[in-house]
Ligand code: ADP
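In structure tokens, one chain follows: the form predicted on its own.
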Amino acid sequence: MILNLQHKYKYKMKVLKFGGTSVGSIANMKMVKDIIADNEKKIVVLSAMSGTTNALVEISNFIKNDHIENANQNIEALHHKYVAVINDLLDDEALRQDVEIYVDSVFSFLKICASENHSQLLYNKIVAQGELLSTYIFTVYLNQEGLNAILLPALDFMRIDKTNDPDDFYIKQNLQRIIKEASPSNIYITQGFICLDAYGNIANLQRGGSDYTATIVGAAVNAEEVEIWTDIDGMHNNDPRFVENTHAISNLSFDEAAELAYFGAKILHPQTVMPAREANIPVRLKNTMDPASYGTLISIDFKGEGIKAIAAKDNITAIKIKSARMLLAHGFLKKVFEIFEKYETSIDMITTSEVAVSLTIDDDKNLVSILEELEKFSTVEVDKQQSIICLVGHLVVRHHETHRLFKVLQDISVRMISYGGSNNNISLLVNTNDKITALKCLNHYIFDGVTA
């Protein structure tokens, strides 16, 4: 819905998100322009140009550590990079001058930041500049090329609440109002990642949050589809960085995609699926370098059963907690879980035995405090440098071919197995040193000779 219930479908549109590599070079920007110049109504969500956010984070760290000269040197270097982009991208003298003035103002602001005391708010202001730069430059470029593109600043409608969740009502009301008040256009450009917090300060949706922005926006405007454009042709059945001859999966359900994203599939931000699933809006993963490719369509529908894909999540810590008594006493698990809740630490996998519980976490910032409390009533063993390998598909635990994955036990030492907690997911915990071997073995046992 864009304007009102009576015109629910009159303003149907798509939401297209392009990542940093898609706008990371002049050639790629031109490809993106060709993709969106199809006379269909759309909102385009852009990330910062590739490398920019990392550079801004480094600048912030220099300021935090009082290395102001280093911060200013990096600001100058990044400024020169953008001047070169402007000169190569924009032929129109008047438009180029307008963009130069804007870009100069951004880097003047960053130099002011370098003279201020560091804080979380200052960090948020600094890292927000990447998306502000990319969207302004790209919008002007589209105008130069004869496309009527209009910039919709995300900070005018994108807000999170006090629990850091999207303020859906605020976003929907303000985005619909801004579109209604804007000049008619088929192309609206906005920033991914950045937003305001509940107090009106600049904040963000964390790294990778541009995907999340796209589905939040898609739900707010009742989009017919959200497209996530990146540099790979959809979600693959295994990690192509480590395993040869992987292929894109044509169709996934929301549940399957959510499992894969959470457990390490880098193409999709873990929270992306939620707004689209709640609004029943299909999400399509597409390749900017190969627009004709089908990609991966994520929707409410399940297609096929059995294991469809494998993903891996690193930096996992495994904790084995053994009861001080011979048998697990009544209330033992409750005491364990209360400690992790107290320190706001999520648990990924869990297995139990007669006298012990083993579990994994991916955030160890409160590990010392957690261990101190656990050791008051139990003995604790900790293994770091672990990886969770997740095997995903519809009804995997019931499928007659799922037993193939357990052949991996003859090749790899598996620390934990989570089987049966979900119909769509089986997880294995292995030492990170064994991860690549495990991925290759699983690929051989499950997919060799099997078509998706």
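The numbering used is simple: start at 1 and walk along the sequence shown. Remember, it's a predicted structure, so these values are computed and weren't measured experimentally.
The same protein also exists as the form predicted together with this ligand; that form is not shown, yet it is the one meant from here on.
Heavy atoms of no residue among Glu40, Asn186 and Gln191 are located within 4.5 Å of this ligand in the predicted bound form. Judged by heavy atoms within 4.5 Å of this ligand in the predicted bound form, the contact stretch among the candidates 368-376, 143-151, 316-324, 238-246 is 238-246.
With a 4.5 Å cutoff on heavy atoms, Ala265 counts as touching this ligand in the predicted bound form. For Trp229, a non-hydrogen atom is located within 4.5 Å of this ligand in the predicted bound form, even though that partner is not displayed.
Contact between Asn443 and this ligand in the predicted bound form is not found at the 4.5 Å heavy atom cutoff.
Among residues of the shown chain, Gly234 is one whose heavy atoms approach this ligand to within 4.5 Å in the predicted bound form. Using a 4.5 Å cut-off on any heavy atom, none of the residues of 77-96 reaches this ligand in the predicted bound form.
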